[in-house]
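For reference, the chain that follows is the form predicted on its own, supplied as structure tokens.
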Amino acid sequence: MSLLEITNLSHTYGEKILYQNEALELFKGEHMGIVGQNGAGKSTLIKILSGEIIPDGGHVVWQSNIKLGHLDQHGVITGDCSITEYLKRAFCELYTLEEKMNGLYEQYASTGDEKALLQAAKYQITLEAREFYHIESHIEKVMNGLGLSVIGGNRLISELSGGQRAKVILAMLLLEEPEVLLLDEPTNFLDKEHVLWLSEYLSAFPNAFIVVSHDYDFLEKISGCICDIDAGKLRKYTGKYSDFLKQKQHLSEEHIHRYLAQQQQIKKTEEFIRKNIAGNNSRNARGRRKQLERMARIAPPSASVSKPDFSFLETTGSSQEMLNVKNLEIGYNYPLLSLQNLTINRGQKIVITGFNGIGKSTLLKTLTGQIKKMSGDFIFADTVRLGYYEQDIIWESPCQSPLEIITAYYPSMSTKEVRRQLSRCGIKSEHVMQAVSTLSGGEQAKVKFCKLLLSPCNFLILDEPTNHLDALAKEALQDALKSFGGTVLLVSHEEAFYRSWASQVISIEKI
């Protein structure tokens, strides 16, 4: 029996049909990855499965009394407790059982009631069987794996950044071990080492999960099947991500062959009918026309999704030394990171790596003037014109459309030109007038890139720019950075993205 059975699923978003009369099943212990282009409906499907969104039609049936664990790509958590205190809530049932057991032992000590002793012993056996006395080491293992130990278990939830809170939620879900995990972009706020740890953890996860991710190396490691959302269809493929690619390519080629063969048959039949409908063979022609009318037409191949056109507007910069950092200390209420000396010259493409929470994003925010330095100094050359991409997707006016956002920043541009620029970045015409907050994470990222691409610069500072982007958009950004003649300072956890063009990779722990 399946854990999940979807039948006749239909849902539209605005004027776009995401799915129409689709079906999907998830079985016990199955590890499923969900893929598709930005805006295809991946996150919407997760929200439908979690009950956050009610579909327009169809049935989503979970096995009765099943426990779900859900992480969305904008993980939200509140509270004044510490990280460790919050994570211990995953075992609240066992802590309650311990309290009962201790109460029974106290009762026996004071009254000599052997029934209380026997019941306490049963509770003791249950706690040992469920590894209650290893809870702290289990929590520590997950915190280490996701990079939370560096932040500190005593840090209050209220003091954490959005990415750190998302990791706490993920840690809680892994500790709870629900029957089904629903994870939307779980690697967005993880560094390379933590993505590797999570992939190994999920590969050995005993229960089922459904994961949306644009990190295809990650999907290759964790998935036993792939659900592809393409042109309003949900198709399930058995095997890893690489197996899915081969199967989809084969099916696509087979579909094109069958479609072209049918089109050729239709053309010949129509030509015969046209020549013979009024002649001696009119009866035969009429019979063929009826056959043609009853023919089940093969749908034309889906139009291929075009790759966005990312290309940065370059300005010249004559200075050889573009940035000089000396004894810079950064942080908020206390220092996170100290940089003794760092010099970036014209045309260099520097990638900064390091575990999450060490201060990579804080460094970029300090260099771009968003937060004040604590001590030391940094100096940009007079000729530097910065272009900055921040990883957090936050809008001053979430109800504004992409058209309104770009027009506000570039009021001299005509509506037609703004639409052209948005289209160039991969924003579909039907989404140009939607509130930006209603778009998928990938589409919102493309709106941010559209804004950046229209601003001339010679020094790009990019903070995890591949978060939310699909394969084609990543490829487009990779091409743009390769051809960019200016200077680049990039924070990224995806080695496959920067390996081919970075001139230097700096591990921030070793500075």
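As the structure is a prediction and not an experimental result, all values here were calculated from the model. Quick note: we count residues from 1 along the sequence shown, nothing fancier.
What follows is about the form predicted in complex with a small molecule, which we do not show.
The candidate site formed by 37, 40 and 439 is fully in contact with the small molecule in the model of the complex, as each residue has a non-hydrogen atom within 4.5 angstroms of it. Think of it this way: in the model of the complex, the small molecule has a heavy atom of just one of 353, 119, 164, 434 within 4.5 Å, and the residue is 434. Partner contact region in the model of the complex: 8-16, out of 8-16, 497-505, 21-29, 484-492, criterion any non-hydrogen atom within 4.5 Å of the small molecule.
Among residues of the shown chain, residue 360 is not one whose heavy atoms approach the small molecule to within 4.5 Å in the model of the complex. Taking the partner from the other structure, the small molecule in the model of the complex has no heavy atom within 4.5 Å of any heavy atom of residue 478. The small molecule is not drawn, but in the model of the complex it has a heavy atom within 4.5 Å of residue 185. Among residues of the shown chain, residue 50 is not one whose heavy atoms approach the small molecule to within 4.5 Å in the model of the complex.
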